[in-house]
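Given as structure tokens, the chain that follows is alone and in the form predicted on its own.
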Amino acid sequence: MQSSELKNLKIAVVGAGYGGAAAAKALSLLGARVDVYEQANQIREVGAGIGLRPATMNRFREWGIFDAIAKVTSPSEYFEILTATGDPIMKEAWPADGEQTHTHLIHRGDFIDALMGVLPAGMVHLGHKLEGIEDKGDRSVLTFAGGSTVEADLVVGADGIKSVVRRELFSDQGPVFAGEHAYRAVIPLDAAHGMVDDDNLRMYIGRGTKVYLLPLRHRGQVSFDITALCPDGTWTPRITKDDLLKTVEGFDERLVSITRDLDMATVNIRAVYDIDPVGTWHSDSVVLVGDAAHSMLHHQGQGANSAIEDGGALADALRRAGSVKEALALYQATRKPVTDELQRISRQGWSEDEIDEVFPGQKPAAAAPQE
């Protein structure tokens, strides 16, 4: 699209998470008028650590925000997979992207704070809970709780796994329970029993359980994550310390000790969900990005990275195409094959034998996601 056309474009981004914030930054660099509408009254990210891949960091460099992100990260050279007792299975360098070879490890809260910090003042509007969207072809109208409305030439649905935009326009299928729970905490470095002495991610695999140690040494902490098979699909399950300890039976005693020492009040506990691939991500004036388009399981560590890449690909498509309609088709053609494959691979976390062993005579039962 011509520069003059892009500057006249009014874009509304629904959701101020990773995908929404990244898309807003990339689209604002086109010169378009961008506004972000977030249902929460405060931007706050819970959870633990994630890894920003080399390709993602290259996007940040392209957008002129590399330093703002990198200063709250630790660069990591490789990842390692080990048995429950610490015997090596594999060790690989992170896949490089040009001259960028490091994955940067970051706390989720620091990441969203950094993204919010590089958006222009006044771009993000809090307390806007989307209730409906009307697609009028060349433009769309958003209706928020309380009755306020916004009209835009392009609506970017970045409203997560329970996306209202996706449900209203593209797919009424809800989240899919993965038959597992994720238990996540951030602990002091000195509480890791000497298991973290560099900036590289390690995953320990046992029967029905995976334990991740993701260093956040720049803030003197470690992200400690347990993913365990469990048939309880309650969105926010109730778990005791004894329940957690059962998931790490047979693991390296130091990992057991870390689990035993956890303050349960600081542990983020959730059932793990994704969505089935969505056939179409866009109309002529509405498009999905991030978890709204392709929420995936966390086994490959690609959820946030994919959301960032979506924002970059959407901006690229608008530059290259002759119209918004053409750009959205190009964006989907570019990104959907990639994320469909990532969704597929991420679902290969457990063998049938493991599931049968942990769920003897049971079938994991999903619960309706809570708002």
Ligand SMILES: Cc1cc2nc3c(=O)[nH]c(=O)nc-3n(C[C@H](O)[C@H](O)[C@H](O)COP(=O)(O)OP(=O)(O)OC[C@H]3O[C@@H](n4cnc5c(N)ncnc54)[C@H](O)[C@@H]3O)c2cc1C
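Start at 1 and count along the sequence shown; that's the residue number. Quantities reported herein were computed from a predicted structural model and do not represent experimental measurements.
Just so you know, the form predicted together with this ligand exists too; it's not on screen, but the next bit is about it.
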Original post:
All three of 57, 63 and 309 touching this ligand in the predicted bound form at 4.5 Å, heavy atom to heavy atom?
Top reply: no
Original post:
Only one of 299 to 307, 317 to 325, 63 to 71, 331 to 339 gets a heavy atom within 4.5 Å of this ligand in the predicted bound form; which is it?
Top reply: 299 to 307
Original post:
Looking at the partner-bound form in the predicted bound form, is residue 45 within 4.5 Å of this ligand by any heavy atom?
Top reply: yes
**OP:** Would you please decide whether residue 129 lies within 4.5 angstroms of this ligand in the predicted bound form, comparing each non-hydrogen atom pair?
**Re:** yes
**OP:** Answer with yes or no whether residue 160 is in contact with this ligand in the predicted bound form, where contact means some heavy atom within 4.5 Å.
**Re:** yes
Original post:
Counting only non-hydrogen atoms and a 4.5 angstroms cut-off, does residue 246 reach this ligand in the predicted bound form?
Top reply: no
**OP:** Could you tell me which one of 119, 262, 213, 182 places a heavy atom within 4.5 Å of this ligand in the predicted bound form?
**Re:** 182
Original post:
Within 1 to 40, which residues have a heavy atom closer than or equal to 4.5 Å from this ligand in the predicted bound form?
Top reply: 14, 15, 16, 17, 18, 19, 20, 37, 38, 39
